[in-house]
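There is one chain below, alone, in structure tokens, taken in the form predicted on its own.
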């Protein structure tokens, strides 16, 4: 079955195995097929017709993969595994194979009017007049509904950012879940609605937008604050120092190489504690925690153990999916640690601790 994958992407893998230790699902199972190298071999078998598309292992592994892209930074051949996974799911998850929960999520963010409706019940950052050429703050889709304080905090940290009301989804959700063409189209539409620089508080959105619009147009919030070069961004709170950890956004770290900036910012406002698995996927992985909750929880458990051992006051996150995943996990464990977005930490936003 040729034509599923871009040949240049598929041919780059040399099956060296450097990716295996970096892969969370391989770490869980020790099964070759559940590693990037093994999955690329499955892709090749599908492409050449050795395996049919309804082969149970092909179906399972296209879904079991977290899509965290941790294999990319350690790959000596420069394999763009994330792009291969998007092409794989674009083929495998069409029509009847797409879970109904995923269909509902994609429908909810497929039109700007629906995305804006998500934020109506909550008070996200106040919309301001669109500045020609930017810079603009991207509100996000589900983030504006679940965590409206994030965009409000970002506006305090970077008041120079305009917040246009006419903005929809960036398309990352579609691109990562079997609708690659639609995901790229939504990114281009957002780029037209927000001309010039776009600043986002979601690492996954940043990586997707940068891939479609170009890195020169897209900045994640910590990048923007670091690029601005302030000794201290406006709005930063001078509260008593706390023990603060960080959970990296997988796509931000592995796709864009951004991980130093948030650590430097957090070290200014607290005693930064590097968790051993900070760079490892927390199991949220976009829709993964919704579609495969049991596997997601298995990935998360290691992180919760480390958070408990570190006795953190605050765990900072850089992506709404990670926010939801870790917040729920901390609450289940009855830990005293508060999960907060980087922007909230920097402005000193307070909230009730989810502990006992």
Partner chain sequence: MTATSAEIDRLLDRLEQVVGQPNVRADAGALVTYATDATPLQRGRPDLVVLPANTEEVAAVLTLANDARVPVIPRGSGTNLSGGAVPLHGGIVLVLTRMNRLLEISESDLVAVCEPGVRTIELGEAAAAKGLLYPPDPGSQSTATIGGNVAECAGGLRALKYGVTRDYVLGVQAVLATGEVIHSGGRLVKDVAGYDLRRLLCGSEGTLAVMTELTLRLLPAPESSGTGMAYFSALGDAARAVSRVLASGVLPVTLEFLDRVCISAVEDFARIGLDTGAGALLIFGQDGDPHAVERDLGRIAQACEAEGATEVRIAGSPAEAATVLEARRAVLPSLSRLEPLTILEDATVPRSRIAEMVEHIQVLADRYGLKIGTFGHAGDGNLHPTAVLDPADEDAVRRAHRVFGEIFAKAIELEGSITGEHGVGIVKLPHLERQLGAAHVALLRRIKAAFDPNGILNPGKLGS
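Positions refer to the first chain, counted from 1. Note that the structure is predicted; figures quoted are calculated from it, not measured.
Another form, the form predicted in complex with the partner chain, is not on view; read the next lines as being about it.
Could you confirm whether residue 323 comes within 4.5 Å of the partner chain in the predicted bound form, counting heavy atoms only?
It does not: once the partner chain is placed as it appears in the predicted bound form, residue 323 has no heavy atom within 4.5 Å of it.
Can you tell me if residue 333 lies within 4.5 angstroms of the partner chain in the predicted bound form, counting non-hydrogen atoms only?
The answer is no: residue 333 has no heavy atom within 4.5 Å of the partner chain.
Check whether residue 67 has any heavy atom within 4.5 Å of a heavy atom of the partner chain in the predicted bound form, and answer yes or no.
It does not: once the partner chain is placed as it appears in the predicted bound form, residue 67 has no heavy atom within 4.5 Å of it.
Partner proximity in the predicted bound form: residue 47 to the partner chain, non-hydrogen atom cutoff 4.5 Å:
Result no; residue 47 lies far from the partner chain in the predicted bound form.
Looking at 311 to 319, 288 to 296, 325 to 333, 55 to 63, which one sits within 4.5 Å of the partner chain in the predicted bound form if you count heavy atoms only?
Of the options given, it is 55 to 63.
If the cut-off is 4.5 angstroms on heavy atoms, which of these, 159, 276, 214, 73, is the one near the partner chain in the predicted bound form?
It is 73 that has a heavy atom within 4.5 Å of the partner.
May I ask you to list the residues of 25 to 45 that have any heavy atom within 4.5 angstroms of the partner chain in the predicted bound form, in sequence order?
Residues within 4.5 Å: 26, 30, 31, 32, 33, 37, 38, 41, 42, 45.
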